[in-house]
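Only one chain is included here, represented as structure tokens and corresponding to the form predicted alone.
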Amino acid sequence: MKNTLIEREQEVMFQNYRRLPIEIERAIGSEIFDISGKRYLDFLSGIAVNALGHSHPGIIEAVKHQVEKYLHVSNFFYQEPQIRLAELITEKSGYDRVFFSNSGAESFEGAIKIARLWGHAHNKHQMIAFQGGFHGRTYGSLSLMDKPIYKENLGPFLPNMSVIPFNDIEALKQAVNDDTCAVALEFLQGEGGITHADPAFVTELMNLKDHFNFLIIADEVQSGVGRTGSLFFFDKYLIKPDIIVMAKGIGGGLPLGAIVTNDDLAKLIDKGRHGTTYGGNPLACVAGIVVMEELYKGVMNNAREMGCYLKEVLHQMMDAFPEYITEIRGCGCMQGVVLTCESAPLVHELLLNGIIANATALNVLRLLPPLTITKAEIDEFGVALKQSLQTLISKGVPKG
């Protein structure tokens, strides 16, 4: 008989996840506790999902209140949680309309549909995205990504889709033409190693948009909802994309995604053309209301301020370990430590020291703490990071 959760999982579930060897009992704030009572400091936040940390009392109260009313009635009915959350998103974003989904990938698929419908009306067919980007694991998303591990032996993919080098102005100029209907990008790539779009690249993108008339789809699934200290990362460029794709943090721990756009594009999705059974589930929406309200009660400011402090700590580590750390990327509660070696061994050592983090882009340590993270918790992380790097050095982990 299999006794542990790890043993039981290996018997009955697909073995497609590289799970951390932790059997979780409970979580609160920035802390996770396993079944033995060991405490971990969470610098992953459910992969940028738990914007307000674990077990936030406001979310718990809102969900309990909604459970006593109803769990699901479908999108055939008018529901206060959906409408109120949409009102908050449109008010704070400056856009007109919201479509709720269950995930980032589902939202991105809907954005592709909108772009195709717009392109059909303007006789434009080509869509462009960028190397290093991650938009989900559905076929539309995969068609606009370049990572082989996600695509091998799964073709053919959607036609008229191009993936070009990120931040390469000349490649962009060569790819865009009169047939381009949309360009999709993460202005701050998560899976791509916490790499941001260069301002000059964004300027050229906007110039080309003015010249060739195409849509810009901003994938803010990971970088949005206040994670970088502003509602969306693209806000830092003072631009306004045509379509925004949201998910992760907006549900505060429950599955929720959204497409955000203006009236003209929203009208392309007329009645019956697109839909979802669970999208905009009332439990997820009441959690989303709490998230949006808390962002503007100081949480987003905290993400910005603590992000600056985290960056200071990381730069101190880079000064202390120049053979292993070459660059600090990102901002707010979405930062990356670029290493001269693979990041997986460091993730392992951090876990032994009670810190949950993540490896991405082979050699980048990805840090996604809750937006409610404190200075004391960042200090605790800094101590653990130093200890972990020292251990790697003592083990002779190769540099580069």
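The first residue of the shown sequence is 1; numbering continues from there. From a predicted model like this one, the values you see are computed outputs, not experimental measurements.
Only in words, not in the display: the form predicted in complex with a small molecule, which the text now covers.
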Heavy atom within 4.5 Å of the small molecule in the model of the complex - residue from F234, Y95, F134, F99:
F134
Find the only residue in D146, D179, E204, E191 having a heavy atom within 4.5 Å of the small molecule in the model of the complex.
E191
TL;DR on 67-75, 87-95, 234-242, 218-226: the one with heavy atoms within 4.5 Å of the small molecule in the model of the complex is 218-226
So, V290 and the small molecule: in the model of the complex, are they within 4.5 Å at any heavy atom pair?
no
Using a 4.5 Å heavy atom cut-off, state whether T195 contacts the small molecule in the model of the complex.
no
Hey, in the model of the complex, is A105 touching the small molecule, heavy atoms inside 4.5 Å?
yes
